[in-house]
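Coming up is one lone chain in structure tokens, specifically the form predicted alone.
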């Protein structure tokens, strides 16, 4: 019995079900949430992380310079850091491998023999093809089994000449997620308000290194230097160093430096494409891009020069439109308002509600509402009633005065600067509205150009930033591919080199997907405005294309007529000579006018050269008349004169700009 008891005890224990652990309520900080879901902010993989870091830095730099009306000068540098250098940076000693078979890139003798045989066979085939004079393809280098853990590291540095940051605000601006200066209802480049914070989070996740920030504001005699990282779990900055340094050069702006894991090889084209498109939409900016490597052949230096000093106006914050608010937003506005009564609240917290309309709205809300009632005393039911009325009542659309589009002039200049097209047309629509938010669509269409492939080349911009990913579902792509009849505008969709540029600015860009990389095709107001803008550009181009075709046909007609002039001259002159002989011998009598011409032929006053000149003049006259008739039939008229807009003088400068879609005339006063 004693020997069996332990066995029975074990059996009884195995049958006893384990108690489930009690669930513990946990809370995540915003930094922790975005660290675990970094793909939401565009940090999907090391390559995309490098691209998004560059993008965030550049856009922050542009916003900073534009906010003080300073022509942006931005330097962006990506420095490749080899493993040994990275290890020395973090104080890690390189160690030799002891157990080779432990590593992911370990290659057995059999696998190595097979790989070498395959490479030898490929080289033999290449040698035979070369001997026969055939085109030899470069043999792809065998993937010398790079370990999964063999990461690539890069130091990304961005320097600008913008506003700079207050000394005491720097830690929270970089080390606290969801804190910043861009929150509010206005046109902004940012998508989440994360900016460089996600770059810092990715740096902490991939390298463990802090971020370095140098900043100085106009008139400051010191430079603020801050080295910090972020406490992910508490969402607070962890400051390593925060000090003031001498500003001998009187520099203002910011310089940010971070070391992250990345992949330059796979995202090189995306990063350079982004920089090129940014130069298109901001031709008033100057960018200097550098990629620095220990391998000189990999180094890249590109300067995107400034082509104009005309900048778009700075976007301004606006109030909410009544039709765009929800119950939660109304409650927040009530909590934050400084107004005492309901009438003042409606007038001052919403756009397009004046006193007469506010009185009418309060009267419609019901007997329990009055203009003088305290706004902070509103009950939840009363707030719901206000929300219902806002959704049902008719309000004037908000104006686009708060928006800052690139402008036709800048868009046209950017396209010409980067693509060098044969012809280009631009159009800027008036402000329109979706769901209570104003938006403006600008478009440009170019034909021909340098480094432009055949067919449609689509360039999309939202709030003046390029959108490079998820192009297929975007409203611009679908409109250009499916809703524009290019042949109607004398444009060949498959053979011509067509550039389609569409920029949408709004206080709320209706992005789709978690990455916010495209604008959906489901908002009819935006889809209609995009189609109309592209069509307006095509109409302008059709006029230019028809004129070009007309000129080409005119040259062809002239060439065809001109090539017969020598033969016609010889034939006519020979006939005139025979007639002149008959006239002089009086074998045949001619009328006085004809006889006078024949006497001039006999006296060599009319020669072959004279006839050639007369026939050439006749060809010119006939050609002009035919061209005029062709133009009348095709409806081509003189180019429409462009409107010129005069900006109001603000007293800050001693000049005034006359704006046109194709030029800006600056008058110095």
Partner chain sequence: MADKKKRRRPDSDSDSASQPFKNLLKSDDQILQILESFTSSFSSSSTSKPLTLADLALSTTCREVSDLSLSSVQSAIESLVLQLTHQILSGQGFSFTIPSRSSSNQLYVPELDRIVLKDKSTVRPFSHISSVRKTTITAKILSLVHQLCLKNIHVTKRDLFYTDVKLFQDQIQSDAVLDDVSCMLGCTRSSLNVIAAEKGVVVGRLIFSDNGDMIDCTKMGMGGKAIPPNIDRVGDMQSDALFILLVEKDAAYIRLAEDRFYNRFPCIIVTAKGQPDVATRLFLRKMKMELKLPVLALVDSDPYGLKILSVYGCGSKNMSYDSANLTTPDIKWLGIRPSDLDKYKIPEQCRLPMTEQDIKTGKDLLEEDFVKKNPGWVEELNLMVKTKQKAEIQALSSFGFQYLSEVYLPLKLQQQDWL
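Quick caveat, the model's predicted, so the values are computed rather than measured. Positions refer to the first chain, counted from 1. Rigid core (definition): largest C-alpha set, two forms, superposition within 1.5 Å.
Here the subject shifts to the form predicted in complex with the partner chain, a form of this protein not shown in this document.
Think of it this way: in the predicted bound form, the partner chain has a heavy atom of just one of 35, 619, 62, 54 within 4.5 Å, and the residue is 619. Contact with the partner chain in the predicted bound form, defined as a heavy atom within 4.5 Å, holds for exactly one of 170, 576, 223, 440, namely 576. Site residues 251, 254 and 279 are none of them in contact with the partner chain in the predicted bound form, judged by any heavy atom within 4.5 Å. Contact check for residue 511: every heavy atom lies farther than 4.5 Å from the partner chain in the predicted bound form. Proximity of residue 597 to the partner chain in the predicted bound form falls within the 4.5 Å heavy atom cutoff. Although the partner is absent here, residue 567 is a contact residue: one of its heavy atoms lies within 4.5 angstroms of the partner chain in the predicted bound form. Interface membership of residue 269, defined by any non-hydrogen atom within 4.5 Å of the partner chain in the predicted bound form, is ruled out. Across the options 215-223, 483-491, 269-277, 551-559, residues that bring heavy atoms within 4.5 Å of the partner chain in the predicted bound form belong to 551-559. Relative to the superposed core, residue 100 undergoes a C-alpha shift smaller than 2 Å between the shown form and the other one. Fitting the two forms on the rigid core leaves the C-alpha of residue 569 displaced by at least 2 angstroms between the shown form and the other one. After superposition on the rigid core, displacement of the C-alpha of residue 615 between the shown form and the other one amounts to 2 Å or more.
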